[in-house]
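This document opens with one chain alone, in C-alpha cells, the form predicted alone.
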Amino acid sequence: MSVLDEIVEGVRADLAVRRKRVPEAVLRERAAAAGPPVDCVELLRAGPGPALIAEVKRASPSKGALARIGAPADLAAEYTAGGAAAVSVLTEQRCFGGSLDDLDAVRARVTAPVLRKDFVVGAYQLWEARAHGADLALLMVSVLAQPLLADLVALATEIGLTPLVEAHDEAEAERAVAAGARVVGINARNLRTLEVHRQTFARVAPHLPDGIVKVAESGVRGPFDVAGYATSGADAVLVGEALVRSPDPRATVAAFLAASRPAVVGG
C-alpha cells in the first residue's frame, strides 16, 4: 500500500466518525448561513507575477512535525500582512496534524480567501468545507475516479467553492481539465513515493489550455524556487513548509513575492 493509499484509508475512517456526529443536512444548513464565498479564479491570476497561497501546515508524512503552530489564526494574519493572496489550511488529522478547528480559526481572523486542503473523497467534505467558511477546496485527481471527480468539481462550483484540482503529471492534468477544472494545481511531490521533482510544473503546465489558472505546488525552498515557477508560467504558487519553518513568515512571504515579480525597467 502506498503512502497516499494509507492516508486516504485514514481519511475515510475519520470521515465515517464525523458523518455520525454531524449529518450532511446540518452541514448544508451551515453552508447556507456561511455567507458568500469569493470566486478565486480571477484573484489568482490578477498579477503582476504569481499570487502566493500560504499554507498552515503542522506536519507532513515525509518530514514529520514541521512547526509548533500554537495559533494558526495569528500565522494566517502574518501571511496576509506579507501579501499572501489566500491561505491554505491543511485539515487532515493523522499525517498532517490538521483539523477543522484550524480552518475555523483562520477563517475568523483573515478576510483573504481560505483553501480547505484535505483528501476529499466525497460530497460531504465539500459541504464541510463550505460550512466552515472555505472559499476553495482541494480535489486530487489521484484520489478520485473520473466520474466522481467531475461530479465533485460541479458540486463545489454549485455551492460556491472554487475547486483547486491537483495533478501530478500530464495524464492527470488532462483529466482535471476534462472534469471541468478552471484552477489546476501541479504538485511536484508524488504522494505515492513522497519524492519531489521540481521540474514537474515546467513539464506539465504547457499541456494545460489557455485560460486555466496554473498553481505550482510543493518544492519551494526559497525565493529562487518561486521565481523559477514564475518563469515557467505559474499564476499562483502554494507554499507550506518554507513558511511554517520561517522565523518571520510575513517577511518570507514578502520576499517570495518580490522574487516572482517582473523587474521594473526605467527610472
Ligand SMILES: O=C(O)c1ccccc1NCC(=O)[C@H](O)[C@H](O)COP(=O)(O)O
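Note that residue numbering follows the sequence shown and begins at 1. In this text, all values refer to a predicted model and were calculated from it rather than measured experimentally.
The same protein has a further form, the form predicted together with this ligand, not shown here; the description that follows concerns it.
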Label the site open or blocked after overlaying this ligand from its pose in the predicted bound form onto the shown form by the C-alphas around the site (blocked when 3+ ligand atoms sit within 2.4 Å of backbone or C-beta). open
Would V11, T91 and Y124 all count as contacting this ligand in the predicted bound form, using a 4.5 Å heavy atom cut-off? no
Which one, 175 to 183, 98 to 106, 142 to 150, 113 to 121, holds residues whose non-hydrogen atoms are within 4.5 Å of this ligand in the predicted bound form? 113 to 121
Answer yes if any heavy atom of N187 is within 4.5 Å of a heavy atom of this ligand in the predicted bound form; otherwise answer no. yes
Is P50 near this ligand? Define near as a heavy atom within 4.5 Å, in the predicted bound form. no
Any of the heavy atoms of G228 lying within 4.5 Å of this ligand in the predicted bound form? no
Whether L191 contacts this ligand in the predicted bound form should be assessed with a 4.5 Å heavy atom distance threshold; does it? yes
If the cut-off is 4.5 angstroms on heavy atoms, which of these, L238, V204, A234, C40, is the one near this ligand in the predicted bound form? L238
Interface residues of 150 to 171 toward this ligand, as seen in the predicted bound form [heavy atoms, 4.5 Å]: E166
